[in-house]
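Laid out below as structure tokens are two forms of one and the same protein chain, each shown alone and named structure 1 and structure 2.
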Structure 1
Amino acid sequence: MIIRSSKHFIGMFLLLLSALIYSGCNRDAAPDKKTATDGSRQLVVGVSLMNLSSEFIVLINKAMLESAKDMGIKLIITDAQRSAEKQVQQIETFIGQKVDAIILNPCEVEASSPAVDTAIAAGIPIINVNSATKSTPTAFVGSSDEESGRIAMEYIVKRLSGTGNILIMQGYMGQAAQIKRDQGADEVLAKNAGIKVLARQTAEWDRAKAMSLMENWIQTFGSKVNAVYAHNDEMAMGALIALENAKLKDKIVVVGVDAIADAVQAVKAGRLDATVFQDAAGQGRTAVKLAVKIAKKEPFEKETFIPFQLVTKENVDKFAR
């Protein structure tokens, strides 16, 4: 059996090998540290992003590429596709490539921590962008997610004048954003006893799932509901469509977080009540600036918080892209 299956092992080995070679080619095996025009060599910064199929991350990525171009440095962008394990591997590759700094957009609080530890151990500065890890990086750029929860919930309290029933649509359970957006909202709820949470349920950041969940909620709670707080705009949009289909939107306030294009459009059209703007471009630009500062051994801020902003019909034009 073992003798026979060694054939398969060889096959698997070859497959793995070719995959390695392929991915190696893909990822600029050795970044050419060309000398820039001013005589000093060009800085190289490795970037590991959580997930390039999420619109918000795409925006961060766009801002980083633009500012890198302005500053004349080279970025190596990789996509961890939501896998913390992949992320750790990507950081290890950056260390092997001897990059000058690393920008990490962590997938998970705990599981992405080894990435930070290995980079620090290798003496390469690492900057966390957008979300936190358990291990402390060289610097952090982002927004505190509790703040977004706070802003959204304060808006709901104001709209309901302090009394009413609400529903909370949570993000993927266990992720930093879900936990903190809950915490921020809970802080506000603790101070407002008139607001009652009818149900809390996850829709996994997903629009179609949020729509199903809202449909089921409509059956249970019907017109008892006064407001819906969704941890992100995708889910807020799903809830919005379900409510519109059930002709209940007029009576119910819906608030999301992130200010994605679709949501901003909906606020502008008066369909969605509010969303909370998280400055993706600001985070991306600041992260790149910080990386350059640290690499050049200039003084820098350990923590930079880019503030959230509430988006409502009154100020929406500022955010429409």
Structure 2
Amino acid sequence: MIIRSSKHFIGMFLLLLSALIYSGCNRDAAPDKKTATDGSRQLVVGVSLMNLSSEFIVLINKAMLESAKDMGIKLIITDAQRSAEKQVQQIETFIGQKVDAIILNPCEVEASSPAVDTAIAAGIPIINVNSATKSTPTAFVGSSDEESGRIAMEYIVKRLSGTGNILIMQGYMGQAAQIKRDQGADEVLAKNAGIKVLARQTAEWDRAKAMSLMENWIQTFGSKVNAVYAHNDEMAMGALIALENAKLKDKIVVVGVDAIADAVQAVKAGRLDATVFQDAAGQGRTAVKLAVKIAKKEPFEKETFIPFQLVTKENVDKFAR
């Protein structure tokens, strides 16, 4: 009897262990959709972010997490690390997990488009935040990047009284913000023949790469340069440091986009001439609210644009965090 009971106990233990292992595997395959406080099923939203090493994207992420907590929904957040291929894989995983909606912060206009197509084909709503794709998502939340390019270049034209030589630091090539911030600047340049572009080149949104690029430009163009327009503040700060090291900053206007904390402080200190505020928190919060509306089949806006604003020493205190 003792031997038979032991075998029975071992068999039950192995059965229980197998069940636990299977349960663990299932949890990875599909998110646990818990019950919300009001008794309804908790909504689950998958999020693929372009690059969490970017301060601006970190601010979007922070706002989304805060909004999700307030609304009682679950976010599954992934970092594509600037890889459109990874984004497509992440969206395929979200589809397999049967999420209620997807928020996509696209890496590239063309290469991230299959992620949108795949979600739409699977019947899962997908919201693009901050950046666009060639394929049309269910909805878009962001700002008009052409507007930021126009604002930045209009400021430079005014500072240079309509005459001078400029350099343009571009973002990651093929990404919507890079394309549209160029377009906006070019609209202004087309009306101001006295402003000449000496060079434009990508520094891939990166501060260290921008610093290196600016050092090369200083060697090439020297005193010919009157202004630098950087597609984002990370690059503007890199250019600024290189110019300060070369003791040239007092002679050259530098403008960025995004109004990240470092840039705002640099404007306040009189180091950076201007930046263009983009509301990361507003974009993040709106994207989550929109995902919930669509998942609940409520009426929603197909496009939401949040305006850019010029930040200079005169109004910088309004934007200091």
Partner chain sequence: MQCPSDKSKSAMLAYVLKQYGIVIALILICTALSFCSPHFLTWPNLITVTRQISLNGILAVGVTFVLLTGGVDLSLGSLVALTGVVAASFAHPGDYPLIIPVMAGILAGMACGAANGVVITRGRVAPFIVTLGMMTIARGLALVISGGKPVSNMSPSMTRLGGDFLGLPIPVLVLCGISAVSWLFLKNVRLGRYIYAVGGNENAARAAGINVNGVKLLAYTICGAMAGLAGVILAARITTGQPNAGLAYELDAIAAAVIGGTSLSGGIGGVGGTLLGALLMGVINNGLDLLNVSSYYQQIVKGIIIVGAVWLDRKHGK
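Keep in mind that what you see is a predicted model, and the values were worked out from it rather than measured. Numbering for residues begins at 1 and runs along the sequence of structure 1. Heads up, when I say rigid core I mean the largest set of C-alphas that superpose within 1.5 Å between the two forms.
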property	result
Pair member that is the form predicted in complex with the partner chain	1
Hinge of the chain between the two structures, where one rigid part gives way to the other, from V276, S48, I127, V254	V276
Angle through which the smaller rigid unit swings between the two structures, given in whole degrees	11
Backbone CA shift between the two structures, S161, after core fitting (angstrom)	2.7
Per-residue CA shift, T220 (Å; core superposed between the two structures)	4.5
